[in-house]
Ligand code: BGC
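Next up is one chain by itself, shown in structure tokens, the form predicted alone.
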């Protein structure tokens, strides 16, 4: 753990410059607006270790798969989110010496991310070998009010000596990805131009043909007065810059205000990009920095009004949850059904920036409860539009008759993950997508989605499960061999309990949805039957047979569900027996040693119990939790939150609180020693679930919101908003009890600890 971030309820603060933590801070202080985003790289030159990162939503490159030897069925590429045009750049030289915090002496340093307003600011004092001392202040934001715009205000004050300052705002498209498999350059030049302090760079991805256009327009002032000195224009392949030389005396301050637009061919015709880019930056300059910032801050105010969680009495917990909520909201806004949530968002390159099962299993509940229903619906429409590709993915593996296997990793519906044991064995992701449809329908009450889109997805997934099970002649039971469950520290196992259980649940839910459609809308059912070539009796009878005699491994003596066959044959050790010097084990142990161990990367059996929680009594949950949690090393960012929810259900509040801090501060404190390559965006939704579903005990029961609240001992109180079927409620939980206020204009029925309360508009229930 690295606890160098100052604890504050609304801000992320770094008060000292430590080059060893620089790449971690570049991740932590990242900003974005759903359309594009930026790591917290410095505007000026930095020659130390850094991961430059400017990312544009939906723009990717199919980087050729790199493996030792090719296996039949391997994806041809791994989709990479691309480091695109560096739009923040402002080079500074004083008497020809570049300003560079890697070579200058740093006397003061502060970097602050204000999560309430979405503003990133930095200030420092530094000196060079010539005894020149400067103080720099910068502030920037990616506008949430206009997702095409960003702005920077950068000021440099000469505090000692006189000097000639050369300052050059620029755009640079000559960028690389650190994670390129073959050190390939992903961009090719298309166009660039610079006139005075206004210019653009336009680049195009190889293979995929995405065009990204960045334009800038700049103001330069000295001591508040516009600089009239002539500028010098620089233009080369994929680079433009505009510089000015200024003679400064001690105390003089030069300020650059840089207005930027970042556009892509995903949202505009390529032929329009130059015109639109210039229009955007010219309009931004006319409005001025202060007006743009105010609009951006107001937009954040609206977001926080429904998504904030307030914790009294625990600053570490408060900062942690707001950091997670902030990153989720600046990563995905739900306005574009073609987009999804990459596990690193706009904060790094690892995992390719693609879509994983994390979206359905962890992110959907957050957006369901804090945003307009179209936001979560677009996440499901995204999968529906990839159904054809999911069927193709299954066909490549030998499945037929419309069976659909959704990819483990994707940008466009094609599988692009290149680890065999994940790509072809971690098929439980199909179950998460089916469960997300159920979760959306039960939460919103919107059955139209199920009828229009969901049935087709459910049938495709169920056909896959029906073919993936096979009948064991010896057992006379259906079994599922050669899979990897959520615990990726086990590969190629037989009868993983979670995978088989979520598959059976999917078959049940699909039949229920089909039967309801058949009964209530026979004409629509007939249309779907024809479109899908669905043979109702033949297929559902086979599904019923699977449901009636599938082998689910259990141990009667221990009273637990077995993670998979043979798990109990492993040497049974506890996670706290691992020496601290060997944690995390994935960084210290061989893969062979990990696979032979009993240690669990993340919730596996417990993942199933969490999702299907209404099917299991507390005693069953308790036995499985007490067996598996001590063997879990929580080395997946997705792990702690599930355990928080179950621990809270079981009144194991000390354990729940311990793991809540781990999930909420996973990146802030760098628990897993991997924050430098980007934040764990998708697991951040699990942090929200830890409070709302864990401590708040929120469930949907028979079409009503239900709460079974618990209060961690360290907290005085906590409160959160929930949007449910058009009604916004405020839940406040303290040592005095639970208060739920109806903030909408229609009444709502709520369950608190099993008791029903009918709450009128602008009224409150007390429990």
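Because the structure is predicted, anything quoted here is derived from the model rather than measured. Positions refer to the first chain, counted from 1.
Below, we refer to the form predicted in complex with the ligand, which is not included among the displayed structures.
Checking 636-644, 317-325, 106-114, 92-100 against the ligand in the predicted bound form, the stretch whose residues place heavy atoms within 4.5 Å of it is 636-644. Between the ligand and the residues 439, 358, 670, 425, the one pair within 4.5 Å by heavy atoms in the predicted bound form involves 358. Scanning 351, 77, 304, 561 against the ligand in the predicted bound form with a 4.5 Å heavy atom cut-off leaves one residue, 351.
A residue is said to contact a partner when one of its heavy atoms sits within 4.5 Å of a partner heavy atom; residue 696 fails this definition for the ligand in the predicted bound form, lying far away. Using a 4.5 Å cutoff between non-hydrogen atoms, residue 629 does not count as a contact of the ligand in the predicted bound form.
Contact annotation: residue 217 falls outside 4.5 Å of the ligand in the predicted bound form, judged by heavy atom distances. At a distance threshold of 4.5 angstroms between non-hydrogen atoms, residue 488 is in contact with the ligand in the predicted bound form.
With contact defined as any non-hydrogen atom lying within 4.5 angstroms of the ligand in the predicted bound form, the contacting residues in 582-603 are 601, 602, given in sequence order.
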